[in-house]
Every structure is written in structure tokens, then in C-alpha cells.
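Take a look at this single chain in C-alpha cells; it is the form predicted alone.
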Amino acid sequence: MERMRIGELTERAGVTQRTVRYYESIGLLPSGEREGNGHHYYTEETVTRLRKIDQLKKLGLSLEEIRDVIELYFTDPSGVQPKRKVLGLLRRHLADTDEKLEALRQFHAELQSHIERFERWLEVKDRE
């Protein structure tokens, strides 16, 4: 299995070293293998994992949500379990978005009502 140092890993995966270290610290990535010289070494699976994390972020998943599903992509060769879990998360995001949209519609209507009330009041004052 080919091993690489963090510089090559970040170049191949399109992320920064800081991102790799952060993902390791929050459990999204396993720490690289450390050798006697203190260097960390990573495998092709780490590149794949970083790319999958990026794809899931682009779907709108939080890092916490990604942490809950990422392992499934590497333990379920069929891909069914992770897709089902992500589908559930996306449905929840959609429901949350619908609620926010409704709240914005209500806020819009309230603003419109206030504007109309102020305009009517000013019209009366202008005629006096």
C-alpha cells in the first residue's frame, strides 16, 4: 500500500494541512501512521476519505453529520447504508428549510403590514 506524507496528501485531496489536522482532531480522519522520525504517513484511503468529506459538505451536511456517516462509506461496500443515512439527513434539512421559509414569509407579511400602516399614518399627517 502506497504511503504519502501530508504534503502529498493535501495536494492530491485539494485541502490544507490545517484541514487534515483539524479533521483528525474531531474524528473525521484517522491520524496518519507515525514513524520513528516523527513524520505522519497516509494512505490512498485517506485521500478517498477527504474527497468523500468534501462531497458530503457540498450536499450541505455539517461536519458532525459527516462524522456520523463517513465510516459507513468504508464499511458498507454496497453503499446502501450510507446513502440511506444521508437521504434521511437531507430530508431533515429540507424540512428545516421549509420551516425557515414559512417563518420568512410570515416576517415578510408582518413587515409589509407595518410599512402600510406607517404609510397610512403619514398620509393622514400630510393632509392635516
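One-based numbering along the sequence shown. Here the rigid core means the biggest group of C-alpha atoms that line up within 1.5 Å when the two forms are laid on top of each other. Since the structure is predicted, the reported quantities are computational estimates derived from the model, not experimental observations.
Absent from the display: the form predicted together with a further copy of the same chain. The rest refers to it.
- Although the partner is absent here, Ile26 sits far enough away that none of its heavy atoms falls within 4.5 Å of a further copy of the same chain in the model of the complex.
- Proximity of Arg34 to a further copy of the same chain in the model of the complex: non-hydrogen atoms within 4.5 Å are absent; the residue sits far from the partner.
- In the model of the complex, a further copy of the same chain lies farther than 4.5 Å from every heavy atom of Glu64.
- Although the partner is absent here, Thr43 is not a contact residue: none of its heavy atoms lies within 4.5 angstroms of a further copy of the same chain in the model of the complex.
- In the model of the complex, a further copy of the same chain lies within 4.5 angstroms of at least one heavy atom of each of the following residues of 81 to 103: Lys83, Arg84, Val86, Leu87, Leu90, Arg91, His93, Leu94, Thr97, Asp98, Lys100, Leu101, Ala103, in sequence order.
- The Cα position of Arg117 differs by 2 Å or more between this form and the one not shown after fitting on the rigid core.
- Core-aligned CA deviation for Gln106 between this form and the one not shown: 2 Å or greater.
- In the model of the complex, the Cα positions of Leu90 and Val69 lie at least 3 Å nearer to each other than in the form displayed.
- Between the C-alpha atoms of Leu94 and Arg51, a gap narrowed by no less than 3 Å is obtained in the model of the complex, as opposed to the form on display.
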